[in-house]
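Provided below as structure tokens are two forms of one protein chain, presented individually as structure 1 and structure 2.
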Structure 1
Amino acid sequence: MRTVLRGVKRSMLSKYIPSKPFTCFDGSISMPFDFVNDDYCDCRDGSDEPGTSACPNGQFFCENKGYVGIVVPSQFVGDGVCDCCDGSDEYENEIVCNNTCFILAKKTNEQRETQRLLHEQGVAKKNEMISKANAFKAERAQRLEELEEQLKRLEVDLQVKLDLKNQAEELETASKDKHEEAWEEQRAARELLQRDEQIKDIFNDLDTNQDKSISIEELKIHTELDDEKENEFTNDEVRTILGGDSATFDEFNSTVFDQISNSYKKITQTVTNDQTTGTESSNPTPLDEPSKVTRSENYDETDNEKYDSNDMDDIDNKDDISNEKDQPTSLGHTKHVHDDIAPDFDEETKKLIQIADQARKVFEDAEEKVQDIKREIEDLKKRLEIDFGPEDEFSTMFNECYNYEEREYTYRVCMFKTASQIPKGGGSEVVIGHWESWGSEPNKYSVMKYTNGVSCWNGPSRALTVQLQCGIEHRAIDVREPTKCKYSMIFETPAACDKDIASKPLDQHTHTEF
């Protein structure tokens, strides 16, 4: 009978009593105690062979004096690999396992102390981060409250301003309409006057013998009035226009003028300086040239600007639109019936317009302010929704960017936003992930997931997993690509430091039984 029961934890020794039959822990079978550690597996749970490799699911306890006792799978017993620092798993093997427990304990304690110190320092920083985050959070909450209050007020105010604007615009419109009506009337009267002038002008022009009557001969020389240009301008045709052999001024006014006014041309030798008459049928070319030039210059300008910068497109487009305002709205078609310019509004209307303009501006300003506040509220709410850790310890890292330099690439992670890969030899930045979520339990907050990056050729979209570990500074210490386009980063941050580790007292002789 063995005096030492191999592979059994002290706490379990009571289950193995040499004078009594042994029962498997699962209660399935009882057997003579000789069957315990006899290198044959009897119990389905492996409990009869704590000290041999006989049971596929057995467990072997190494005491590891001077260090920590551990349980290893039975398959480690006698396999030639030193798994226990006291070498007890290889008790009957040829290979010699040195007892490394003391060295291991020393090393482990040193490591643990280093870790503890690291966590201690880290936790101090983490606490700062937390209090900063809390302050920010309070500030933000307060700000949000303020903003919401403000928004409420401003929305009421906005309504008032909208009403005021509407009122002012009503008055403005009425006054403007009135003014325009008057101007229309005035213009109609003037047009009538102008027609009279023209009639007189043409009559006098035609009445070459000054007899206050237009004869057939006088009109006949104006061949441009002949509707059928292919043949002669006959007396009959002229007579038809005149409505008889001659026409007095009144007759001319009532019947002839309207027939000829559109075709009539002055005989060239009677050049006058008067440019205001007959313009309707003259060529409009002189007006065109300068506008064309301006336009083409403008095209060049915009083109150049487009080539020069590429990230200012929006502004450029706005410029284009404002430039357009100075351009003719129609090419070629320059027909403006009148050279008349409407007179300024009267003082009263001007005043009303000014008032309306003012009301509009006030309203628009107020509206913009409301939008700004709404946006700020939304941003604040969005940020408040992000899980920054159980103590908000990651909050201050929001949108902070950190780089990791590798042989070919710089990797950049902007916390809770995006991660990217920037080739060092030039070439464009590739987004390898957008903030998605934390990892899964139990160590949820030690893993950050950035997913849905740019898709790989022939593959999935890129993604980055960030493993967080305790460090005094925020820094990425390693980036790899274990599977193509699936990146993994190790990132040190005080936020990942653990106050439990930091405060764990150092025990030289721990005998933890796992």
Structure 2
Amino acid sequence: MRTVLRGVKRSMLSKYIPSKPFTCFDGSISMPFDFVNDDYCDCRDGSDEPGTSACPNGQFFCENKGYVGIVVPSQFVGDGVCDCCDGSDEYENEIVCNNTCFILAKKTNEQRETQRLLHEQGVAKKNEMISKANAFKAERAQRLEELEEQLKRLEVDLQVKLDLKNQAEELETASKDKHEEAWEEQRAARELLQRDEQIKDIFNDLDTNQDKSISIEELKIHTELDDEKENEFTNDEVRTILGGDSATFDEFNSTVFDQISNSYKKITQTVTNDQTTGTESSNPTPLDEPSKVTRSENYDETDNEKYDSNDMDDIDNKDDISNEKDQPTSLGHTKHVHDDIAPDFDEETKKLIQIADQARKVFEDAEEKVQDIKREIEDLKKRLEIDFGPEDEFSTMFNECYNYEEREYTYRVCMFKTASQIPKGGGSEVVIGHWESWGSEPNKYSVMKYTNGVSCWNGPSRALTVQLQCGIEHRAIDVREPTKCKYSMIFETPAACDKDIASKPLDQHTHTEF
């Protein structure tokens, strides 16, 4: 009977009792214990040969006293290569394996101590971050409560100012409307008077024989009224405009004027230089010959009353008076531009406008203050809803940006906001991700995900995964692009340091089985 049961983990020794038959781990068969480690594979799962290489799927456990126990494939047993640091896999060979377990243990312990010290220093800074985060969180919560109370008061005050504004605007509008109505009445009356004068002027201009009616012959000479310019202006066409063979003033007023007012042109004759000395030329001057003054064929000296003397002086001083195509229809009653501009408001209306303006300003200032408070409340609520870690340790990093420089680009990550890629050779900054979430359990807070960045050309939307690890400072130490438009960053921060690692003492004789 064998006194040494090789290749078995301590935790599995209860399965190998020499005084009892051995049953394969998969329960397929049982056998005498002498079949264990007899260099013949009886179990399909290789469990009867833990210390030999007989089973291709067997596993050999290296105890590695003083270091870490490991499992190697059983085919490595007795192959002439020292796989276990204690050399236990080569127990049947003449080869001598140096026991390196204590050397490895020392090196591992040194590395662990370095890591422990790193985590210890990092945890100290992490605790400071947690303290600040708790203080800031309490301040924000208090500030939120104060703002919400302030908002209630401001909204009541805003409603009062809104009511005052509405009252002032009602008085302002009523006064303005009254002013506008009076102005519209005045303008309508003036326009009606101007229309009446225009009707009289055109009628008198057409009534060349002064018989108080417009005949076909009198209207027919005004060919500009002919819709069909290329054909003769016939009597029938003129009759259609007049509504008969002639039109009295009342008929002209009711039916004819509106038809011709837009097209009507006053027929003029030229006055030569001789006329300025009292001699009238017997033949009219051609239209293309320069003239000094133009007058109606039916000109009446009493028409002078319709013109200001200064206006007549201006006319006498001009060289080239327009031909018949340039003559105004209104016959001297041209409406001035200023006639269409309403006069200033009266003093009472001006005062009401001033009061309304002040009420509007007071309301707008109050409304802007309310909106500012609402925005601050919304920002505070969003901040308080963000998951900053189990102890809010990442809170102080919120919206802080950190850069990583490499040959072509600067990579920038702004915590809980965005990540971007900035070309060093010039060009626009490219967003490679927006903050989305933490990673998944069990190490949820060791990964930050930034997604939905700018889409690549013929590719996916950019995204960044940030792997967090313990460090004394906040800094990005590496950025890669393992697949197209999918970036990976390694970021050191005290917030990722582990209190358990920092406080765990080293045990030189610790033995762990894997």
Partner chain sequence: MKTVTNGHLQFVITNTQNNVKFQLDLFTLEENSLRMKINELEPIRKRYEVQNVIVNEPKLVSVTTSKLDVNQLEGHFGKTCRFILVSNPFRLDLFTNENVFVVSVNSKQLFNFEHYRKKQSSDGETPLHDEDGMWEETYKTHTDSKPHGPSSIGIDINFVNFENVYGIPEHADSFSLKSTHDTDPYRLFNVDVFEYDIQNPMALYGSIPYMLAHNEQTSVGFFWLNAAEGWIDITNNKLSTKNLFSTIKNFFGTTKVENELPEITTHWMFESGIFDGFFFLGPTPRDVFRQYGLITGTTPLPPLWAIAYHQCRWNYNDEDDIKNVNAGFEHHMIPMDVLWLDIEHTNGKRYFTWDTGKFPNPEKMQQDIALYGRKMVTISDPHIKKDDNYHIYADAKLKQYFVKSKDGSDYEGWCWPGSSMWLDYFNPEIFDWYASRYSYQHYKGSTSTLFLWNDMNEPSVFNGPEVTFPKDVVHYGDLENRDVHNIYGMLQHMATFKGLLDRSEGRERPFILTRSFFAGSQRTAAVWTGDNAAQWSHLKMVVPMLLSLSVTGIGLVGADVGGFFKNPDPKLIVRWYQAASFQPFFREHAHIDTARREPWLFGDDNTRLIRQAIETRYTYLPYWYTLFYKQEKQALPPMLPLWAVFPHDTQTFKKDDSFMIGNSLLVYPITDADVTEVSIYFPGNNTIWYDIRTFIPYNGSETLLITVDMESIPVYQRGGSIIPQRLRKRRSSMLAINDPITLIVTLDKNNEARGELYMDDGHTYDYKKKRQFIYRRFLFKNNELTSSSLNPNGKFDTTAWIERIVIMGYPRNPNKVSINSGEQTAIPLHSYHDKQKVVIIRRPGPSISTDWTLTIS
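C-alpha atoms forming the largest set that superposes within 1.5 Å between two forms make up the rigid core. Just so it is clear, the structure is predicted and the values come from calculations on it, not from any experiment. Sequence positions of structure 1, starting at 1, serve as the residue numbers.
One chain, two forms displayed separately, with the form predicted in complex with its partner chain being the first of them, structure 1. The Cα shift for residue 468 between the two structures, taken after rigid core superposition, is smaller than 2 angstroms. For residue 55, a C-alpha deviation of 2 angstroms or more is recorded between the two structures after rigid-core alignment. After superposing the rigid core, the Cα of residue 168 is displaced by 2 Å or more between the two structures. Once the rigid core is matched between the two structures, the CA atom of residue 217 is found 21.7 Å away. For residue 43, the Cα shift between the two structures is 4.4 Å when the rigid core is held fixed in the overlay.
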